[in-house]
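Below, in structure tokens: the form predicted alone, a single chain.
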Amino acid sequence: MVQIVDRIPDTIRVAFEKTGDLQYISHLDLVRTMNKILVRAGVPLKYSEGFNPKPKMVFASPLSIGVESICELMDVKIAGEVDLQKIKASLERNVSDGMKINDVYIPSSKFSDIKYMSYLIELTTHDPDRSAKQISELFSRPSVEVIKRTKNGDAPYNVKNSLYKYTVSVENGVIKIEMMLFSDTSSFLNPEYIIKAIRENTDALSPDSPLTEYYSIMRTGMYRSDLTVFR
């Protein structure tokens, strides 16, 4: 879709996917990677001042290592006029394997407007039907506590405080958990804590079966408070 611009923007938003082996790079590595990609793509970047100038770029809710995503967003400060379609095409030519550029546009909203994020967790277990039932029963409880690491140290935390809604199903022998988590600072939860709760309260993902029982996590969407898709 072509975006009509009636002013010279100072920020562009890049929507991209990060899947496959790229799930195992840190956020710092992702910043460095996107820096190189933007430079090679010829994007007129605006840099910070000082002895070590860096491109002015910010990401929406950086991912933890081991989580894939099909809905990543990055805002980039630019210097001068740009052709959004040409930038998108140039970025597509320069991305690495596991990365896909979905869109480049001028943002009309702030990342602080993101209120929910959705995830898909897929689990392979010995007995998917039994495990799926246990997981459904687990998250139907009023409280599901795990020990959560915070700035003030480890403390018990009820993951239900961060869980807006969820569904559990079994498809082709794989358990699929589709969930929506709150994204505000007070309720933000790394989805790995959902896995931790499952490990500690069900028969799934036994530490004795790491080669035959495993899981994946993918972020699938970001939403506003009215549950419309955030752009």
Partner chain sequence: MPNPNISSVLKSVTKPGRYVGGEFNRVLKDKNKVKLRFAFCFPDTYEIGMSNLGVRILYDVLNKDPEIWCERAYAPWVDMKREMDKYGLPLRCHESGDPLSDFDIIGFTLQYELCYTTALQMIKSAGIPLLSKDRTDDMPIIIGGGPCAYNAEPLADFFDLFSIGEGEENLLEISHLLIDMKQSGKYTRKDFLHEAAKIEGVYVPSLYEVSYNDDGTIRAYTPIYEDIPTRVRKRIIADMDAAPYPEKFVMPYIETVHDRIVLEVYRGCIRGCRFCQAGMVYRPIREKSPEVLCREAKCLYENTGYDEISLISLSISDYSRLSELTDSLIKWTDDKHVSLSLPSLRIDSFSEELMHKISSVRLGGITFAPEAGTQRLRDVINKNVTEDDLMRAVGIAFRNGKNSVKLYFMNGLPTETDEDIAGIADLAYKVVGEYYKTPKESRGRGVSVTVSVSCFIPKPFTPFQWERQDSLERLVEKQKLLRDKIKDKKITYNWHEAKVSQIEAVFARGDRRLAPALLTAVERGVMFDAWDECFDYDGWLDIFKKCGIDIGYYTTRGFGIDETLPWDIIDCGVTKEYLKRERARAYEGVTTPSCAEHCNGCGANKLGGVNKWCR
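Only a predicted model underlies this, so the values are computations on that prediction, with no experimental measurement involved. Numbering follows the first chain given and starts at 1.
Below, we refer to the form predicted in complex with the partner chain, which is not included among the displayed structures.
- Not displayed here, the partner chain is approached by Tyr47 to within 4.5 Å at the level of heavy atoms in the predicted complex.
- Lys54 belongs to the set of residues with a heavy atom inside 4.5 Å of the partner chain in the predicted complex.
- Although the partner is absent here, Arg40 lies within 4.5 Å of the partner chain in the predicted complex, judged by heavy atoms.
- Interface residue remark: Phe16 is not counted as part of the site for the partner chain in the predicted complex, having no heavy atom within 4.5 Å.
- Of the listed positions (Asn158, Asn102, Asn94, Ser136), a single one reaches within 4.5 angstroms of the partner chain by any non-hydrogen atom in the predicted complex, namely Asn94.
- With the partner left out here, the partner chain still marks one of 160-168, 30-38, 56-64, 176-184 in the predicted complex; by a 4.5 Å heavy atom cut-off that stretch is 30-38.
- Residues are counted as partner-facing when one of their heavy atoms sits within 4.5 Å of the partner chain in the predicted complex; in 205-220 these are Pro207, Asp208, Pro210, Leu211, Glu213, Tyr214, Tyr215, Ser216, in sequence order.
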